[in-house]
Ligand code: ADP
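Have a look below at one chain only, the form predicted alone, in structure tokens format.
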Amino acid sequence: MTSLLDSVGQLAGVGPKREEALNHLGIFNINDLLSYFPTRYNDLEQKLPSVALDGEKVTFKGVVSSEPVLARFGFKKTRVNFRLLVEHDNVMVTFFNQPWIQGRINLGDEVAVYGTYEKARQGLSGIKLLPKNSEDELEAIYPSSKEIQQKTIKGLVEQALGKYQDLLDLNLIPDDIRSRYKILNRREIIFGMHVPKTPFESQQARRSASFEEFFLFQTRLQLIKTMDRSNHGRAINFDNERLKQFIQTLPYELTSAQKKVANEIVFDMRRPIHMNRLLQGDVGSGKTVVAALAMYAAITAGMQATMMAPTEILAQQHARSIGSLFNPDEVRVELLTGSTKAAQRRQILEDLMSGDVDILIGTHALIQPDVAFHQLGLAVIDEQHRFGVDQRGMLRDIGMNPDILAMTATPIPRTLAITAYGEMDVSIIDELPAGRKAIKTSWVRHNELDRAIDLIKAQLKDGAQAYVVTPLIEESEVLDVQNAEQVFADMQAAFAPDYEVALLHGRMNNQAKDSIMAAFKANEIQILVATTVIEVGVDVPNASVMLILDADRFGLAQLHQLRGRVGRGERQSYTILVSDPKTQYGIDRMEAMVATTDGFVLAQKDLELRGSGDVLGVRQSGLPAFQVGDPIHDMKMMEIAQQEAIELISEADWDKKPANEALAAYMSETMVQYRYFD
């Protein structure tokens, strides 16, 4: 009995080696193969030279008006030339390295040729000679690999369509949803994607396939969210009066946005559910103090809290800033990193286990096997996209499956928020603290660097400090350091002995880094030449200039993070981008940085320029690789799919209803790969 779950190895022509090549493409069974859709189509519709575009792949149909001539050149290279009369135009057709073409056509034959049109010479570089009786059609082009050609994949798809087409009547999207949005049924999607008869048919099939992909993904996310909450919920009954009193002790008034998100977070903590919330906020918006409020709420309930940061510098800074908010007699804050001395580490872990440590802040050192809490209520993950999925999972597994608050200063466009973080509730701080001055950003070419140096000198004369950031030229720390050292020498030549210049890079030991950062914060160093080790979290209010060399080598999100290192005090601050971009992409990024300081606007622009595959270091952040749907351009469709999934999963016993039977079975089969359902 045949099944869509049959191995592709059962198809004719698929031996062990070819099956392995298909497996590498994610094709294991017939369903995988039939869901492996073309990325594009070669349009074989007949065209005239007068309407063809230069470089366009077209099909010309006409009469052979000259004898085909075979010429040999180079090493075993050939070309066949002949003229094709297409209505009133004589087009020179050239086939390279297909000598058999000469024997297939004769003067006066009526033929159709598919190829690439070259308008300047009114010529066609032939790709294939079509059958004389061929009708207009679309030829599917599949993503392939070195191990297996797209022509082979196409043949296997055609074989599977013939053998398994009777099994394609199962619809995963409930009929009422399909009807509401005019989504094709499963059979129509598969045939329309693989063997469309017209461009319109392929467009409708792709639209339906995109919606199906989005809907299944969003349904899966809503199931994760629902089951995570119901299976792991625990109320944290904090002392609201003590929390209010703590807020009164803060050295500044919370913004309206901070108050709003703090209420959202503590409301979730008090509910008998498992909180899984993402806190977004632009650089300098005050996420850390909101996290401190949430941690204090857990402490008033007799629980502990922890915060994991991606770097030691950031973890140390959090330990200082959060520790300064609390009375040390009431709340004990400790720091645990890879460089914590062994004896001190043992004491911290012992006190953590007994409950004497209230808040533990650290790096990956927090997720080591010997780290055990007395009663962990809340885990905060800062710059959470810098951690891998497994690392984040290990943090939530320690203690008693604590509530999770993930934070990011990399603004996330809604497109990504509902895909990469669709299983999380999202809180957004969309307001900067009162009195913050907008950072003035300018872009100069390398031959205008003197202007930037003059601005830095003026700021230093006024008592301010400056960062000079050099890029990672290649994926090599050694080359990165060499570049930084050259810039360091240049800055010393420009500013010494009047001002102190120091160098900070990732290959320094932690003690050296800490010493330099402490001296910079104390204004003992006026100019800090650094690599992107200072990208996240470094807080020196007196620094007013950020000079970024070769700025076009950075992404927009990284540039925005670097810009956020200044403007943290009362001074007017400046970011200067030094760049000679060679591409329009590079120019667009520089212009975007100058045009706005709004991180959310930049994040959307970054998404449009780079695509969803690169933003946030996507593979680490967990963003799915959609095969058909494009979450950037099909944003509205993604939102609709999400809303439909939410409404469906919220129905009581949704999986018991006949209309949802196929979807429920599919989800049951596929959810086992997710960690919550092991």
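Heads up: residue numbers just count along the shown sequence, starting at 1. Just so you know, these numbers come straight off a predicted model, no measurement behind them.
Below: the form predicted together with adenosine-5'-diphosphate (ADP), not depicted.
**Q** How about residue 147: is it within 4.5 Å of adenosine-5'-diphosphate (ADP) in the model of the complex, going by heavy atoms?
**A** Because no heavy atom of residue 147 falls inside 4.5 Å of adenosine-5'-diphosphate (ADP) in the model of the complex, the answer is no.
**Q** Flag residue 465 as yes or no: does it have a non-hydrogen atom within 4.5 angstroms of any non-hydrogen atom of adenosine-5'-diphosphate (ADP) in the model of the complex?
**A** Answer no; every heavy atom of residue 465 is more than 4.5 Å from adenosine-5'-diphosphate (ADP) in the model of the complex.
**Q** Tell me, yes or no, whether residue 154 is in contact with adenosine-5'-diphosphate (ADP) in the model of the complex, where a contact means a heavy atom of each within 4.5 Å.
**A** Taking the distances in the model of the complex, the answer for residue 154 is no, it never comes within 4.5 Å of adenosine-5'-diphosphate (ADP).
**Q** Might residue 283 be said to contact adenosine-5'-diphosphate (ADP) in the model of the complex, defining contact as any heavy atom within 4.5 Å?
**A** So residue 283 counts as contacting adenosine-5'-diphosphate (ADP).
**Q** With the partner removed from view, which of 601 to 609, 77 to 85, 247 to 255, 371 to 379 is the stretch that lies within 4.5 Å of adenosine-5'-diphosphate (ADP) in the model of the complex, judged by heavy atom distances?
**A** Single hit among the candidates: 247 to 255.
**Q** Pick from 436, 234, 553, 163: which residue has any heavy atom within 4.5 angstroms of adenosine-5'-diphosphate (ADP) in the model of the complex?
**A** Among 436, 234, 553, 163, a heavy atom within 4.5 Å of adenosine-5'-diphosphate (ADP) in the model of the complex occurs only for 436.
**Q** Between the options 345, 568, 186, 220, which residue brings a heavy atom to within 4.5 Å of adenosine-5'-diphosphate (ADP) in the model of the complex?
**A** None of the other options qualify; the answer is 568.
**Q** For the stretch 285 to 324, which residues lie within 4.5 Å of adenosine-5'-diphosphate (ADP) in the model of the complex by non-hydrogen atom distance?
**A** 285, 286, 287, 288, 289 sit within 4.5 Å of the partner.
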